[in-house]
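Only one chain is given next, in structure tokens, and it is the form predicted on its own.
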Amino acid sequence: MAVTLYWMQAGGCSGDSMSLLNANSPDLLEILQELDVDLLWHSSLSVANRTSQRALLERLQSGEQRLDVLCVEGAVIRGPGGTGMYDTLHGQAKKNLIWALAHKAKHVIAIGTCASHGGISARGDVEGTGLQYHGRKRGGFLGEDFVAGCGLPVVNLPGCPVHPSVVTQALSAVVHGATLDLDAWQAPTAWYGTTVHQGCTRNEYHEYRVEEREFGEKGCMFFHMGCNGPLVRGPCNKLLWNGRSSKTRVGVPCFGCTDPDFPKSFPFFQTRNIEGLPIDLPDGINRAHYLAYKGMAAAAAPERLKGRESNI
């Protein structure tokens, strides 16, 4: 029996859908065929008319149509004043549809940071929030005690956008009944169990504190350029974009887009620091020890690194 999937576009830019269209080996159509997924609806891919889509929603809400997987992309919009009427479908607040479908679905997956934690909409008058988190606070739209029909809470796949392979592999795991080990933010540890820093080709620069101060240099971007690689967890240097590269590999700081508080309220390309020491340090790092260690490491940096003789 085919697995049924409904993709709800909520308050967002559709960037996660655009990312998903870049999936390859297999591509999106191949993965749906291989997993025997019946895509009931996707706002960017489906061609059903307004009447048939409304009828589908009615069958889903009544239970006449089985719903195995609900994917929500974008934040749940609750404004103005909790009505949700800033974001509607067929004259009905999408938040009400999301609530109804989530309580019918066997699995609920938050696609991207907005659906997972609220993202940029969480700070605006639209009153956006994530499905089960609002920033770092558990609860969100569905509440902290929500579990889907399978007994699991919302599975969060943060990213702005989320990597297409994370979505396709998560769907594959759900369809095959594989157990997804979730971290404290309900994100699968298979893709969010390591920091973006792990796998970065500039790691050696970081270890010896050979720092980049201007774009185009060869060095670590954590100390001055605002790189969040050592701070956030994500697959960007594990699953390369287009199978080829990542931000840090081409000299762009990690924005930290998988972090529950993304986007931050301070500049992307500037590291907040006190006397040259970053304010935000990786989990478990003692500030005094870090300062002493990095001072010694910089003094011991090999000449080949100081001279930027790497092939990066």
Partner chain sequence: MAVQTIEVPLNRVEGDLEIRVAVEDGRVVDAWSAGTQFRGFERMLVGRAPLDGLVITPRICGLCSTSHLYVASRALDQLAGVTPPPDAIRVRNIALLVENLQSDMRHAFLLFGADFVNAAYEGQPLYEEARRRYAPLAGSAAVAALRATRKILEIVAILGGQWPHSSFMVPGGVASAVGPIEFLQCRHVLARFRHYYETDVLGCALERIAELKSSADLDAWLDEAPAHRDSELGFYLRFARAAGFERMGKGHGNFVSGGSLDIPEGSAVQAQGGGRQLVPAGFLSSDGAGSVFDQREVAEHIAHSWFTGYEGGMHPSTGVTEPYATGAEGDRYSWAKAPRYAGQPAEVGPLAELLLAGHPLLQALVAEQQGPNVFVRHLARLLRAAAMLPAMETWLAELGKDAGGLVLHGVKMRDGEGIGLGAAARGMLGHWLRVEAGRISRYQVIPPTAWNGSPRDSGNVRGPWEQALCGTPVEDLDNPVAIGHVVRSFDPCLVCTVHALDAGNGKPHGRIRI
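Residue numbers count along the first chain shown, from 1. Please read all numbers here as calculations on a predicted model, not as lab measurements.
Although it is not shown, the form predicted in complex with the partner chain is what the next lines describe.
Can you check 166-174, 183-191, 133-141, 90-98 and let me know which stretch has heavy atoms within 4.5 Å of the partner chain in the predicted bound form? After filtering at 4.5 Å, what remains is 90-98.
Candidate from 35, 277, 39, 285 lying within 4.5 Å of the partner chain in the predicted bound form - any heavy atom: The residue in contact is 39.
Please tell me whether the candidate spot formed by 44, 123 and 246 is one where all three residues come within 4.5 Å of the partner chain in the predicted bound form (heavy atoms). All three within 4.5 Å in the predicted bound form.
Taking the shortest heavy atom distance, is residue 214 within 4.5 Å of the partner chain in the predicted bound form? Yes, residue 214 sits close enough to the partner chain in the predicted bound form that at least one of its heavy atoms falls within 4.5 Å.
Non-hydrogen atom contact residue 241 with the partner chain in the predicted bound form at 4.5 angstroms: Taking the distances in the predicted bound form, the answer for residue 241 is yes, it comes within 4.5 Å of the partner chain.
Do residue 206 and the partner chain share at least one heavy atom pair within 4.5 Å in the predicted bound form? Heavy-atom contact with the partner chain at 4.5 Å: absent for residue 206.
Does residue 264 reach the partner chain in the predicted bound form, with heavy atoms at most 4.5 Å apart? Heavy-atom contact with the partner chain at 4.5 Å: present for residue 264.
Only counting heavy atoms and a 4.5 Å limit, does any residue of 1-32 reach the partner chain in the predicted bound form, and if so which ones? Contacting residues: 9, 10, 11, 12, 13, 14, 15, 18, 19, 21, 22, 23, 24, 27, 29, 30, 32.
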